[in-house]
Each structure stands twice: as structure tokens, then as C-alpha cells.
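A single chain comes next, written as C-alpha cells; it is the form predicted on its own.
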């Protein structure tokens, strides 16, 4: 509907210019159309007259009056218009337009809200990418569901999307993992160990060491330590990665590809790339260290790519990794990072621009921390001691649907309070229960109708004009706005918009149901209301499907 209003405005202004009613105006690429905060100000509003007035140095209300008096409305969708404030144009849509939306929803069914704005453009969404040195914690969990739903949104919008997990299996953290297992292994044989501060202390390390002891005995007590650490690193990394995959699968997250960091270093790939960039003038040496000229692309300072000891930095590997992504044909890349990586964004944008890529082709979504609560009280977490709340623990306590939905209840770059007790409640206080119960309640009503011998109607069987209660109009308006909400969420990569929408839709439905009887003595009204609920069901299912959250038929 927003696009229709924008087209009406665009066509009207061009018509007025051609007739000499308005001076020449350079229209913006997309005329801004918004939903007013106050419903009394119409269904939609635009500030185009004010923007145009600034261009041509005229009174905005005068321009708005010319536009309003000459509106081109070929679809006959406008009930009335109104000029408000300094020059806003408010639009009121005919009820018949909202009522006709029901037919569109029924005909499109699961396709309702599907878009083709992506044009099958190849996109990669890379997320989680946690080091395989320990189980996923709730910070990873939030990034996992944000990445998964962003990928679902982009697929729904017509992009060709691949989901990828980058395995950080090269570098010192993996060596420390092998050492950690070796130290626990030796402890199991009675050796007293002074456990280093930089090693991993969780019970999962003891479990891995215990499995090695059971299967292979004490042979590694006398083996070459360096070789043993390499072997233990491989075993532990494999076990932990499989555990990560299991947790993600139970969280409803599946990846198209797992990419190993070690692939980047094969055949000196990283070194050759850095050498090429140095020859092109993007990298310079100060004698001991190699620096990337990220200040060429507005970073606050240049960044190290090779340390004094000859080891490449994470930045060097990331340049190589993103070069690999573009080489695989991705036109848009979406990286999901923790909020602590905010300062890292400019250097990576610098890196891809040095590779000849447009900065806008790399989208970076920052995911803020999760404050885990129990009945309002903080749950203590410490990754240093290994005593942290894992994704598995949260899943076991509240379930997949509640976990996914609650992680999406705020913008990804906002801190999130996740209360375990609220997430388990079967009450309106729990947002996922509130939405799923609305879906289940509709299923129950439709089932009751069938049990009473009332056939579920098709659009041709109803009189949509009977749906004229304010709550019915509100429901239809809300459902009509579903595709534009999905488009906005896809374009901005903001999956929380879906949970906001579902909470509002559920609220309108519950209010409607509490005030109005669906099945009554009036057969025509009953048929119209049953059909209305069938379309609400479709919208709930389609939105929940993008979230990866179940749509139960009974609760």
C-alpha cells in the first residue's frame, strides 16, 4: 500500500508539472510514505510537499493543496485526503480496499508476503563463527538466531542465500585448546598440574581428556609433547564442533557451508595476498611489522597485518576470507558480529575496498550482549572460569521457540534482557506464548465450526462488507501491511520488526475475539468472520515460519 500511495503522489506531481500547476521538481528516488502515529491522521502520510517546497522555495501547504486537488487515483483506493501541519498530506484508505486484501491473502496463501526485490542476487550470510574451543553460550545464541532469520528474510525477499559458519581453527587459541586437554589428561593420571591462565577450564575439557584416556590409555604421557598437543587439538576441536552443530540443529539453525580458516593458509594463500596488496601500495613495512593503509579509507589509524614475530593478524586472515567470498560470486555479504567488534568494521571495509569491492556490498550487523535473568535477578556468568550459561542449557529449560522468539524481541544492536522464568510462562507476559496462543485459538475456532457442520468458506462465499467492526478493519489493515513490513525488515536487515508486528497482530486479534462472537446465528456474518480468521492464520504462519518458530494448532 505504501508503494501505491508513493505512485499516486509521483504520478500526480508529474501531471501537475506538465500542466503548469507546479514548477519543475526533482522527485526523490523513493517518495517517503509513513504510517502516522495517530490513527486519526489517516492510514498513511507523506511529507513530499515539504521536501518539494524546500527545492522550489514555495509554501509547502500551497504545494500540498495543488497535489491534493489533482490527485491521480486510478485504483480508486482513497476515501479522502487531508492537509495537516506544515504540509503533510494524510491519506485515508477505503474500507473496501482492506476487505479485498482478504482475497489476495487467500489466493497467495504461503506466498503472501513473498517478494522478488532480490532478483536472485547471490548473498552470503556468515554468522556464529565461534571458535571451536568450547560450547556455544547465550551470546552466540542471539547471533545465531539473528543470522538465521536475516537469511530467511532475504530468501523470502527473492535473494539466493547461503549461510556459512567460519571455523576459527588456526592460531594460538587452538594450540591452547590442545594444551588444556593435555593438562587435564595428565591430571587424570594423578599428575599435579599448575593450570595456565590462558587455557580453557570448563568441564567439557575434562570430558574430552577422559574420553581420550578411556580409548587410548596412558600412551600420551610419554609421547612428544608438541605432537600430542597437535593431536589433542584436532580431537578436541572436532568434538566441540560436532557439539556446536548439534546445539545449532536443535536451535533450528542449519548452515549450507562450514569454512575452515586453515583453507586460507593453504599454498601460502594469505602471504601471497598480502604480497600482492603490498605491491599495489596498500601495505607498507616499518622494518619489522607490516601495516595496512586503512587510513586511505577513513579508518582512524593504519592496522597491523603481520606482527613483528612474522605471524599474520586476524585482520590479514579476514581480508583473505572476504576475497574468497567475493571469488565465489557473492554480490552481497552479510557478517553478524558481536558488539565488541564495532571498532573492527572500518578496517574490514577498508580491506574489501582495496580488493576492488564496493563498501556497500558488505553489510555488518552488530549483536549486543544478552543479560540473562531468572525472575528478574541476573544469572551470574563467567567465561574465564568456564562457568557460563550455554545455548544447550537455555534450550533444555525454555525450548527452541521461546529462545528464538525472545532473542528477537529487541533490535540486534540493543542490549536484551532474557528472563528464563518469563520465557517459560504460559501467559500473556510471555511474548511467544501470546502469539502462538493466538494462532492456536484461531485453529480451535475453525475446528469448532467444522465440528458444528459449518463449512469453512472461500472468498466467493462471503460478503466482505459485513466485516465493518473497528477491530475487523484493524485486523485487515494490519494484514495488508504485512508485505511492506517484510520488505522493510529485509531491506534494513532488521528481523526484530517481525516480532514487533506479530505482537501487535496478536493483540488486535485477542481484542477482536474478546469483543465479538465469531460463530453466531447469523450465517452470513459467521462465514465472513470465519474467512477473516482463516486469513489471519495464514499471516501468523508465514511470519512465524520466517522466524523459525512453530505455529501450534493447540496449546
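Positions refer to the first chain, counted from 1. Superpose the two forms; the largest set of C-alphas matching within 1.5 Å is the rigid core. These figures come from a predicted structure and were not determined experimentally.
Note that the form predicted together with the RNA isn't included here; everything after this is about it.
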Which of 319-327, 391-399, 269-277, 88-96 sits within 4.5 Å of the RNA in the predicted complex, heavy atom basis: 88-96
So in the predicted complex, is the RNA close enough to residue 505 to count as touching (4.5 Å, heavy atoms)? no
So in the predicted complex, is the RNA close enough to residue 511 to count as touching (4.5 Å, heavy atoms)? yes
Hey, in the predicted complex, does residue 204 get a heavy atom within 4.5 angstroms of the RNA? no
Quick one: is residue 314 in contact with the RNA in the predicted complex, heavy atoms, 4.5 Å cut-off? yes
Find the only residue in 106, 100, 173, 474 having a heavy atom within 4.5 Å of the RNA in the predicted complex. 173
Of 168, 81, 357, 121, the one that lies within 4.5 Å of the RNA in the predicted complex (heavy atoms): 168
Taking only heavy atoms into account, state which residues of 286-302 are within 4.5 Å of the RNA in the predicted complex, ordered by sequence. 289, 291, 300, 301
Is residue 530 displaced by at least 2 Å at its C-alpha between the shown form and the other one when the rigid core is overlaid? no
Aligned on the rigid core, do the two forms place the Cα of residue 49 2 Å or more apart, comparing between the shown form and the other one? yes
Inspect the rigid-core superposition and answer whether the C-alpha of residue 510 shifts by 2 angstroms or more between the shown form and the other one. no
